[in-house]
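Below, in structure tokens: the form predicted on its own, a single chain.
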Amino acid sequence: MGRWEPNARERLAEAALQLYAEQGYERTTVAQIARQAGLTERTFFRHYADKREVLFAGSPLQDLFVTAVAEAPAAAPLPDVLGAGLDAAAAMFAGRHAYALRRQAVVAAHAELRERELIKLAALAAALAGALRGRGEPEPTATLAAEAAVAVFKVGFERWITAADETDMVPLLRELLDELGRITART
């Protein structure tokens, strides 16, 4: 193997996902992942802390979502701000339905990975709440809105991932955000 291998991170992630799907998360070792990717264990650990993180590290979801919320027009109403964040989050999944479906099947099959996914979603909600506070939203509005946006994303992702074929996630998330508005509307 050469000293520098192009796309090592992506190759390791793909190899891990393939092995997790074939033989299970618990039975897959870092050595097997590295070998499948044509790399060394040392290279694996330069990119990932452990075999769990290969499925969670490096996702731009939080950065995209939070940045879109923080950069939404100052005068935009809160639902529009959340919608901008949801649109940005959905964009990262365009053309990735098959990969997301495979990854979700692996995560769903293992309690340790489901727990890690929930931790990532909690971190996303906390970061969103911080961005909303930075926009001047008071508490508890910032935290409630952030948690609601993550719930919309989570439900939308689950609906998108179980669709028979790849559809655009943006309209789906916007529909769910509208539904949340109807649920919470005071009449």
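Being a predicted model, the structure only gives us computed values, none of them experimental. All residue numbers are counted from 1 along the displayed sequence.
There is also a form predicted in complex with a further copy of the same chain; it is not shown, and the following applies to it.
Comment: 148-156 is the region of 27-35, 148-156, 41-49, 64-72 lying near a further copy of the same chain in the model of the complex, near meaning a non-hydrogen atom within 4.5 Å. Contact between residue 184 and a further copy of the same chain in the model of the complex is found at the 4.5 Å heavy atom cutoff. In the model of the complex, a further copy of the same chain sits within 4.5 Å of a heavy atom belonging to residue 177.
In the model of the complex, residue 139 approaches a further copy of the same chain with a heavy atom inside 4.5 Å. Put simply, residue 100 is far from a further copy of the same chain in the model of the complex: not one heavy atom of it is within 4.5 Å. At a distance of at most 4.5 angstroms from a further copy of the same chain in the model of the complex, all three residues 80, 118 and 122 contribute at least one non-hydrogen atom.
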